[in-house]
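The chain below stands alone and is given as structure tokens, in the form predicted alone.
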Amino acid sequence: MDFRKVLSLVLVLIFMVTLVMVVGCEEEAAGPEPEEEVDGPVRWTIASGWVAGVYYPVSGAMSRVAYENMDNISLTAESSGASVANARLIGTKDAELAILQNDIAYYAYNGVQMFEDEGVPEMRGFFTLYPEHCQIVASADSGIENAGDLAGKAVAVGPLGSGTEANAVQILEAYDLTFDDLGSVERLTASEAADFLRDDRIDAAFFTTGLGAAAIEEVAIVKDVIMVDIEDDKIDWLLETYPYYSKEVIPAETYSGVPEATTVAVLAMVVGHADLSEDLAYEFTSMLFENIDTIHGAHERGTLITLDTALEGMPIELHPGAEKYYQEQGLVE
């Protein structure tokens, strides 16, 4: 065979092999065609609260209900900062569900108060849970008897931007006080505030949480503390000015050795993003109430969560999936 023909043939073969390799590399870089989705549970996260509070065990019980009864949802409970932070997690879609206060849900949905620059109109309601009492705990030797006595004292008011901080501002407002009238302002988590109280680094602390919170009990069993009263006329002003509040009594011995006190409360509630599947939202709501005993066993406050009270104090639009369930139960038209 002519040498030039052989050389030409070899060059053609080299070119073809090189072309195949280049095309193959491009296809590999582009990646395979996406496969059809494999059947399995959709992963949701529920933002709760500090581990020593009530949100976390309640959200953990909801996760258990999903694990044991829902084939289509895998729900993970995550500890988080506070109600305001949870509302923003819904807005950014970093959490599908969240527990927060109904006053904070109202602010976020309507873009007012701390959400004036960035509302969360895509937030939707699922159900309310139980009253969250505004609990002001003070050292017994601090000289504090009512919320007006907080002037000049070292006080923990909750993390910056939290629901607790918002409640502290409003309660002080009823007494014509602001944070500037306090001796010092400490923006602490509930666990941190409990540590500061126990170590006499503050005189009092605001806690907005369900009764029986572990953080408060941990202080009460080692230190003489009182629950600070809010007087009736101040409560009347709060109810008129901020209608999401209710008047509540904190019974004696709710915490070891702590006497009865009168205060106000908001409601804890579960919210989610409007984009969540209507079918999955329906399944979550229905399975939760059909397995409510699991929630009741998670914490003493969990026993207050019932279908009959699920819509009390609901301040925002319902998610269509949850609404469908309530329509079936005759709770909404």
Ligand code: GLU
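Since this is a predicted model, take the numbers as computed values, not measurements. Each residue number is its position in the shown sequence, starting from 1.
Heads up, the form predicted together with glutamic acid isn't pictured, but that's what we're talking about next.
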*Name the single residue among 128, 209, 254, 263 that comes within 4.5 Å of glutamic acid in the model of the complex, judging by heavy atoms.*
209
*Counting only non-hydrogen atoms and a 4.5 angstroms cut-off, does residue 284 reach glutamic acid in the model of the complex?*
no
_Even though the partner isn't displayed, in the model of the complex is residue 276 close enough to glutamic acid, meaning a heavy atom within 4.5 Å?_
no
*With heavy atoms only and a cut-off of 4.5 Å, decide whether residue 82 touches glutamic acid in the model of the complex.*
yes
*Taking heavy atoms only, is residue 54 within 4.5 angstroms of glutamic acid in the model of the complex?*
yes
*asked:* At 4.5 Å between heavy atoms, only one of the stretches 82 to 90, 228 to 236, 176 to 184, 118 to 126 reaches glutamic acid in the model of the complex; which one is it?
replied: 82 to 90
*in the model of the complex: members of 159 to 197 within 4.5 Å of glutamic acid, any heavy atom*: 162, 163, 164
